[in-house]
Structures are given as structure tokens and as C-alpha cells.
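Consider the single chain below, provided in C-alpha cells and representing the form predicted alone.
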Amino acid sequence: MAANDGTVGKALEVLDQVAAFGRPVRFSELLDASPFPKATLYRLVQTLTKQHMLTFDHERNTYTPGLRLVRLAHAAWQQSSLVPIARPHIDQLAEEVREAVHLAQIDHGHVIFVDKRKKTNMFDTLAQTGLVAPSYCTGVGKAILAFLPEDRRDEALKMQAFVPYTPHTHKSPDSLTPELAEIRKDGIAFDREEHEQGIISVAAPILRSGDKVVGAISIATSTSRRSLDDLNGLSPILLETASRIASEIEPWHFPN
């Protein structure tokens, strides 16, 4: 969060911080991880609590995201998320391929997994609904990056940390950029155990007219179940699903 975003920016940073804990959090824990002085943080937390953006548990002295955030999240889900339109299509895809199907969008250079459907309990992936993940080492992330306008793609690449999660992870834009060019040509992307050892995926962008990318879908599986060649064989049905989603989005005033 930029320092010149003022009070609103600071308040949003506190909300992000509370959410990142993934559990009820004490003020002292927030203070230990906060860039703000104690008095500033206390004032922000109190304001957010009064506005029902945070909920305070008086018995445990802990804070959690408030119900007002739930209402706002629901509104965002309905108006800005691909999920309501894409859900029937990714449900059908998951049923047909019997693997995990992910739906993702991009925000500030990172992908947000907005939905996940799977019809098997034989394996699972790190990607869960609501999870934020890097773009440079996920199938959906690379599929989206490849179809961003050049200026937005360059900006997104600057936001990547290039942490080597596995031996297969891209370590710099120098190796990733040529692959993005191939993805633009082929229309599909692969995660070759780049984010999670033993997990691979094939992904396709969801494109509006003019090749404007609004998200991506992927079929993910374990290397103990399928190979990359197997996933490549599923690319036609994946591309068909992405196309059906895109055709339904076309008349919708979806935020770019």
C-alpha cells in the first residue's frame, strides 16, 4: 500500500493484515507486524471496528474481519467476479475430466483463485478459492500474463518476486518472457511443477473480443495421475470451455 494513500489506504492495509492471519488476531500481534505506530494502529482498528469492518471478541480480545466485509465481498462476487457466469461451465469441465478445475483473475500482478471445482478426492492442490498466488509460476497466471497489453504485462512482471518454489520455477523475466510469447501463439499455458512439486496444470485465458483477457481456467492434476502430454490432450475441451465462458461474458459490463 502506497504511503500517500492517506487514512483510507492505511485502513485497508490493516484489513489486509488482519485477513492475512487467517484466524482471530490480538492487537499485540497486529502491532508486531504493523508499519504504523501503536497510537495510529489503535485508532485505525477502533474506527474499523465501529464501522463493522472488523469484529472484536471481548472474551478473547481478538479481531476478525467483520460482517460488513462479508456483504461487500458478496457484492463484489456478484458484480466483478467471473464465478456466477463461469461456475456451470467449470462444473461440467470438472465432471468430464475428473480433475481439479481452477478459475482465476489477476489483481496487482498476482492471481486470485476465485473458484475451484473438483470431482475427485484422490489428490488436492495448494490453490483454494480466495488464495492469492504468483503469476509467474502458475498456469492461470502465465495464461493471463501472456495476453495482457504490453504495458500492463511489463508492469505485472515487475511485481513478481521470482521466488524459486521448485527446481522448475522461473527465476527471472529472462526465461519467462519467451514462454509468454509461445503462450500467446498457442493459446495455452502449462504449470510444469513450478509452484508446487508434483502438481501440473494446463491453462487457457478467457478472452473477450479484441483478445482482452479477463481471467483464466486450468485443469490441474498430480504427476502420479497424468503427464504433461496427457494434459495437452485435454487442451481442446479446455479451450472450448474458456470460449463458452467468454461468449457469455461478452454482453456483460465486466470491469477490465
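Start at 1 and count along the sequence shown; that's the residue number. By rigid core we mean the largest C-alpha set that fits within 1.5 Å across both forms. On a predicted model such as this, the values are computed, not experimentally measured, just so you know.
The protein also exists as the form predicted together with the DNA; that form is not presented, and the subsequent description refers to it.
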| query | finding |
| --- | --- |
| Interface residue in the predicted complex among R68, R225, R208, K38, criterion: non-hydrogen atom within 4.5 angstroms of the DNA | K38 |
| Heavy atom of N61 within 4.5 Å of the DNA in the predicted complex | yes |
| K10, heavy atom within 4.5 angstroms of the DNA in the predicted complex | yes |
| Residue contact check: R26 to the DNA in the predicted complex, 4.5 Å heavy atom | yes |
| Interface membership of K50, the DNA in the predicted complex, 4.5 Å heavy atom rule | no |
| Which of 41-49, 226-234, 209-217, 194-202 lines the interface with the DNA in the predicted complex (heavy atom within 4.5 Å) | 41-49 |
| Did L41 shift 2 Å or more between the shown form and the other one, C-alpha, core superposed | yes |
| Did L207 shift 2 Å or more between the shown form and the other one, C-alpha, core superposed | no |
| Residue shift check between the shown form and the other one, rigid core fit, V25 Cα at least 2 Å | yes |
